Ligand code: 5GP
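Here you get one chain, nothing else, as structure tokens; it is the form predicted alone.
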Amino acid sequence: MSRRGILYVIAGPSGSGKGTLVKKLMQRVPNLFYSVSATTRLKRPNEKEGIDYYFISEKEFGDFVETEQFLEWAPLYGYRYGTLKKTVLNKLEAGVDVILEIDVQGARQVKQNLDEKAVFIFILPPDISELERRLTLRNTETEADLRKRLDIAADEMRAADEFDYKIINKDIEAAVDQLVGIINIYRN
């Protein structure tokens, strides 16, 4: 029988560097599938449909929730985000390892809803002031949205102990090395 894929759930607060780390991870590790989330959020200027997110309407999202098409979903920052269940399960069944880059609420749902083993990895910023600096530099939020993200981030960081691994993203290359090392543990 062929090997079943492994699900790696990568979570952490907004601005912790999850996206950057995952992009570098995908370049370094073969046979990984990045699961693109669906969102009701509007597309930012630099984002691409189907690459960064699937941008869908509130109605479509509601229909997906009702028909249980999400492995996990959560409201966040006034929008909804979700992972398409069928895509993830089909890849795992085909022996492909899957990366989910999601929020803490979503990671908790995956833990509850998935019958199979997954590896949960939490990305932390070096400290809250660095997180605020990163979010400010992104220049994608209003001041009110930035404050909301920082409040949520503080709550999310308290959840780090619920994960199998914690990586402090102080140095990007060192953090990517740690991610690669974790994946190699489960692949060998």
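In this text the structure is predicted, and so the values were computed from the model without any measurement. When you see a residue number, it is the position in the sequence shown, counting from 1.
Absent from the display: the form predicted together with the named molecule. The rest refers to it.
- The partner is absent here; in the predicted bound form, the one residue of R147, R158, R133, R44 having a heavy atom within 4.5 Å of the named molecule is R44.
- The putative spot formed by R3, F33 and K85 is not touched by the named molecule in the predicted bound form; no residue has a non-hydrogen atom within 4.5 angstroms of it.
- The named molecule is not shown here, but in the predicted bound form it comes within 4.5 Å of a heavy atom of A74.
- In the predicted bound form, the named molecule stays beyond 4.5 Å of every heavy atom belonging to D97.
- Although the partner is absent here, S37 sits close enough that one of its heavy atoms falls within 4.5 Å of the named molecule in the predicted bound form.
- Using a 4.5 angstroms limit between non-hydrogen atoms, Y54 is distant from the named molecule in the predicted bound form.
- Taking a 4.5 Å heavy atom cutoff to the named molecule in the predicted bound form, the contacting residues in 86-118 are E101, I102, D103, G106.
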